[in-house]
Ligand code: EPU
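There is one chain below, alone, in structure tokens, taken in the form predicted on its own.
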């Protein structure tokens, strides 16, 4: 029996490994907790290839941005539980901290804020692991994770080698990065964050700014902003442990200035934000205006407090969920001429 035989599992249930709580089983599955486990996973993958099977590789973190679209998942699922946080460098202005991919992103954000290090405080209380954060270039309340990423280390499971990506090589965009378009064989192992010693709060979003100002304090700290963001999120977003969901299910669409002008003629109250490529429109507002906020159908539906959150109330059928998503996309397109794009990874 080889090391790779010891790490590889088969027919593993995934229902409790995704926050949408959809029933699925992985044909091939392994858990990575150490660097040695990475090499064992690489050996297992190479053995699959040698036997004539070349499965798609899918790295699973907390499962908070994942929809398993079939009962039997033929991808090679690698569950990243590789943890560790280390300060690697410090300058007069910044502290550079390496976080391994299996760390919970919301936990490391709190640790940074408690140490008065800023840059990620507006991203507090976001579900998912550190390894997942660069893939989507997660963002909230005027901050994106790319603004604090110095580098990303990946492991190529097909060659058993490591590679470091600079920030520019990650090709970050709106909920986008180079990692979304790779074949899955490159697994994010760790991220180096560049954190600020001097704190300058980002209050460009009105609901956050209003909440902060209502507190009547001028002694802002990263932890104060983090706590405020957490309270706002908890008030309007359902806990996935109670109501299974993936958080925001659709990207906020970006439209041209001309298209935005057309929309304004009919909808003067449309929430919008400036974007380098045009104007960003609230996807939740579009869904709500279509009368879908709080609507439930066959065990799935949109949350009654936040239309952007799709909740799995009591369905085990991914097909039912994806049919509901398809209907939503069609409804919004027919009413507004805007095509909604899903945020979660669809794993088949």
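Numbering follows the first chain given and starts at 1. Since we're looking at a predicted model, the values are computed, not measured.
Absent from the display: the form predicted in complex with the ligand. The rest refers to it.
In the predicted bound form, the ligand lies farther than 4.5 Å from every heavy atom of residue 186.
Using a 4.5 angstroms limit between non-hydrogen atoms, residue 76 is distant from the ligand in the predicted bound form. Residue contact with the ligand in the predicted bound form: residue 248 places a heavy atom within 4.5 Å of it. At a distance threshold of 4.5 angstroms between non-hydrogen atoms, residue 153 is out of contact with the ligand in the predicted bound form. Distance criterion of 4.5 Å from any heavy atom to the ligand in the predicted bound form singles out 252 from the list 252, 118, 100, 226. This chain appears without its partner; in the predicted bound form, the one residue of 140, 192, 110, 104 with a heavy atom within 4.5 Å of the ligand is 140. This chain is displayed without the ligand, yet in the predicted bound form the stretch 229-237 from 193-201, 78-86, 229-237, 159-167 comes within 4.5 Å of it by heavy atoms. Interface residues of 274-288, taken as those with a heavy atom within 4.5 Å of the ligand in the predicted bound form (partner not displayed): 282, 284, 285, 288, in sequence order.
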